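As structure tokens, one chain now follows by itself in the form predicted on its own.
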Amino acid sequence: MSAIELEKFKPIGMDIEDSERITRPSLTYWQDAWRRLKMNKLAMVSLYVLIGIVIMAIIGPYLRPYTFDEQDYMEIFSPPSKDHWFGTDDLGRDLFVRVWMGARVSLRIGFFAALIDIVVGMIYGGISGYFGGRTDDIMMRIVDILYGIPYMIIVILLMILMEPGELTLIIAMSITGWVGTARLVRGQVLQLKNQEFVLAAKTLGASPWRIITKHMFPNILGIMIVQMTMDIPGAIFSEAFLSYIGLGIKLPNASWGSLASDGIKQVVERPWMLIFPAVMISLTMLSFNILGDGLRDALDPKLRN
């Protein structure tokens, strides 16, 4: 082996300040989650699609010179054209305007039903999991009873007792919709309540309500955000199904489900009446599900690299 020639090597020196400089920028949990979400191209496309649908639900009805209930008997069953971009229905109403008015109704029902489910489920499940013992047994048996009540029976009863509409649908979906979230939150709280930070809070004299809201809920907030992205498309589909079978939004108001119900009757001769609301329902549900998968990966600290 030949000897090493020292003249070929040059000391590069060492800068103390450079050695102590942090090579990776400091990121908060949410900044890092957003960074990882942006790396998921499919989830970002879904996010942009949902943003586009929301924007169109706001401004779409104003892009055409028609109202959602304006009837024109000279334009009955007109196919898509420059005057009626999505065609017209059996009363000559512009389907482009009605689709985006229906988007407002469907998205509103889906968002508020999911929000109520998350809030009630987090509070109920958090209390049950934190206190445990007899309290947990009683509260979980109540959940089991509600879980066993057929969903359609509740909806039909509410439709009889209350006036059909958005509020009735949201209430019907929320009565039993939160039980799954409560079970999920209870399981997470059971894992967290024996952690050191909870013991430290108890030692400092924090009340159970403060421990649940200030220390436990922030640690399961990411899971709840993902759960909400799954609940919203479920609520939208439920509304569409109920409107399809005649238990949802009543005329002249429109939702994607009621429009699909009208379109299925004319699917052979006038397919555009079904295609546009069906595409919007499918696209929205698919986008929410893909975004939920992306958020689940982005909010999981175990996958941080």
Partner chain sequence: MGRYIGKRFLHSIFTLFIIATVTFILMNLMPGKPFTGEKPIPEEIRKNMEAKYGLDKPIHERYVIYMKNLLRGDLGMSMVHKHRSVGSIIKERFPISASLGLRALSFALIAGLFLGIIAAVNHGKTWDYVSMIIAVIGVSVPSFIIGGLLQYFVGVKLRLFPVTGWESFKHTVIPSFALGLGTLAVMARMMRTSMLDVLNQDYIKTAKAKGLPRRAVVWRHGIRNAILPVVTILGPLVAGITTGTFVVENIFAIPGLGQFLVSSVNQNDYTLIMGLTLFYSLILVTMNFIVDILYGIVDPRITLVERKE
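Numbering follows the first chain given and starts at 1. None of these values were measured; they are calculated from a predicted model.
The next section is about a form of this same protein that is not shown, the form predicted together with its partner chain.
> its partner chain in the predicted complex: within 4.5 Å of a heavy atom of each of Met122, Tyr124 and Val198?
Replying inline: Negative, none of the three is within 4.5 Å.
> Is there a non-hydrogen atom of His84 within 4.5 angstroms of a non-hydrogen atom of its partner chain in the predicted complex?
Replying inline: His84: no contact with its partner chain in the predicted complex.
> Val267 near its partner chain in the predicted complex, any heavy atom under 4.5 Å?
Replying inline: Answer yes; at least one heavy atom of Val267 falls within 4.5 Å of its partner chain in the predicted complex.
> in the predicted complex, does Leu158 have a heavy atom within 4.5 Å of its partner chain?
Replying inline: Leu158: contacts its partner chain in the predicted complex.
>> Test of understanding: in the predicted complex, would Ile153 fall inside 4.5 Å of its partner chain by heavy atoms?
In response: Although its partner chain is absent here, Ile153 would touch it in the predicted complex, with heavy atoms inside 4.5 Å.
> in the predicted complex, which residues of 256 to 285 put a heavy atom within 4.5 Å of its partner chain?
Replying inline: Gly257, Ala260, Ser261, Ile264, Val267, Val268, Leu274, Ala278, Ile281, Ser282, Met285, in sequence order.
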